[in-house]
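This document opens with one chain alone, in structure tokens, the form predicted on its own.
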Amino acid sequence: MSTPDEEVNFDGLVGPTHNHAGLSRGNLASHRHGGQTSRPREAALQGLEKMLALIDLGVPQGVLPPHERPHLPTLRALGFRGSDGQIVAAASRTPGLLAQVSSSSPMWTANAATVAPSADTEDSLVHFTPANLKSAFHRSLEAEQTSRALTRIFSSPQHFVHHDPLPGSWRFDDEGAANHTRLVTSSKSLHVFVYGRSAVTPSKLPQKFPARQTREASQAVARLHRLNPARTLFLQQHPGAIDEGVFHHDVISVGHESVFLCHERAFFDMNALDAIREIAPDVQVACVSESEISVADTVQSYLFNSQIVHATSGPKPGRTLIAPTECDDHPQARTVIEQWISDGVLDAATYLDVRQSMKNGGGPACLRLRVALTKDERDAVLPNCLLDRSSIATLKQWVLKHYREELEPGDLADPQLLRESQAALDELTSLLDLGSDFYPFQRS
């Protein structure tokens, strides 16, 4: 098995209707900021600055486009009729509905899909399975457009295989790569799938918040991707941690190449770490104790919702943690990161401001989908969706042209916001070469 040449981070571009509606049950930051004024322009620019920072570190960077919001096809399917503006006005009179269909949650592309690189699959092709996200209504609207984006950006059948989202049911709730980690040592990979509950096997469940990912969904994705069962693990998330706000497992663990960082309450059975070591003994596991930083402080700082990247340029090349500025401001989180660097687990840390995303409960790791590609596979990716400094500058100008500085909750009912959003996305499809039929409004 050959290791892919490099991992490309595909970040989600924040959409024009970015707002704080507090829609995600179990996501404490989302609930804490629900109803506050949002800043869509600032949010999108922060996301682009993050992408630029990774480019400057020598990390290949791609982009996934925002979805059409408000999602008029859903409103029409729910019986609303008339012009676009009339539909939005009518939906605004149903409590909470317009916020649901206007959510900019597709920006968190860690939930967009699960990806398996060609080095790990039986057929030596890159496999994509979009997440069905059935545990929350506003996120369940994403799968169809995510599928369209992935098949358009990764279109070559000689390199890429696209699966449908898993059948939508309580048994196969799938939240994507936020509950999946790929580790690589000595040219061998280990895929770690983490689930909150099993639909068929009795297990301890959280008492306060939902366990979103199922074991059965993770197993189905592994089968679809034709992964080696001997190098695939299915581990249960700690139900108590879920009740403290660890709604996805990337809030309490992060791994990259031969490094895996986690909290001691990451897994229900802490023998899980021994299982990782048994299959991949070269993996360097660093487990943080509750005395070093509590689960509550982990959730508040999003310490583990950072990314680990391999920097090839910048002030200090090597394994670099991309952490939110909240970690720099949090004494315990900062101490843990400094200890990782002192111990040689990491070489450096970079702190980035993604506060608008963080207010909705998504840190640096939520904003990106890891896609490991060989050179030939990367050459087959839609070129305009691979970014450099010039294309980042172009996207910044696009944001400044189209995005509002602020959005109040009531602004979602403004028909002018709908027109502004459609104009922005129409121009974006040209910038990224996605085609003039990419969004539903372009096809109607």
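All residue numbers refer to positions in the sequence shown, first residue = 1. Remember, predicted model here, so these are calculated numbers, not experimental data.
There is another form of the same protein, the form predicted in complex with ligand SUG; it is not shown, and what comes next is about it.
Chemist: Looking in the predicted complex, is ligand SUG within 4.5 Å of a heavy atom from each of Ser253, Phe260 and Ala349?
Modeler: No, the candidate spot makes no contact with ligand SUG.
Chemist: Tell me, please, which stretch of 105-113, 286-294, 149-157, 334-342 lies within 4.5 angstroms of ligand SUG in the predicted complex when heavy atoms are compared?
Modeler: Of the options, only 105-113 has residues within 4.5 Å of the partner.
Chemist: Considering ligand SUG in the predicted complex, which of Asn360, Ser301, Ser218, Gln307 comes within 4.5 Å of it through any heavy atom?
Modeler: If I apply the 4.5 Å criterion carefully, the residue I get is Asn360.
Chemist: Ligand SUG isn't shown here, but in the predicted complex which of Cys366, Ala131, Ile322, Ala266 has a heavy atom within 4.5 Å of it?
Modeler: None of the others qualify; the residue that does is Cys366.
Chemist: Does at least one non-hydrogen atom of Val126 fall within 4.5 angstroms of ligand SUG in the predicted complex?
Modeler: No, Val126 sits far enough from ligand SUG in the predicted complex that none of its heavy atoms falls within 4.5 Å.
Chemist: State yes or no: in the predicted complex, is some non-hydrogen atom of Asn9 no more than 4.5 angstroms from a non-hydrogen atom of ligand SUG?
Modeler: It does not: once ligand SUG is placed as it appears in the predicted complex, Asn9 has no heavy atom within 4.5 Å of it.
Chemist: Look up in the predicted complex whether Arg197 has a non-hydrogen atom within 4.5 angstroms of ligand SUG, and give yes or no.
Modeler: Taking the distances in the predicted complex, the answer for Arg197 is no, it never comes within 4.5 Å of ligand SUG.
Chemist: I'd like to check something about His191: if you look in the predicted complex, is any of its heavy atoms closer than or equal to 4.5 Å to a heavy atom of ligand SUG?
Modeler: So His191 does not count as contacting ligand SUG.
Chemist: Using the arrangement in the predicted complex, list in sequence order the residues of 384-423 with any heavy atom within 4.5 angstroms of ligand SUG.
Modeler: Heavy-atom contacts to ligand SUG in the predicted complex: nothing from 384-423.
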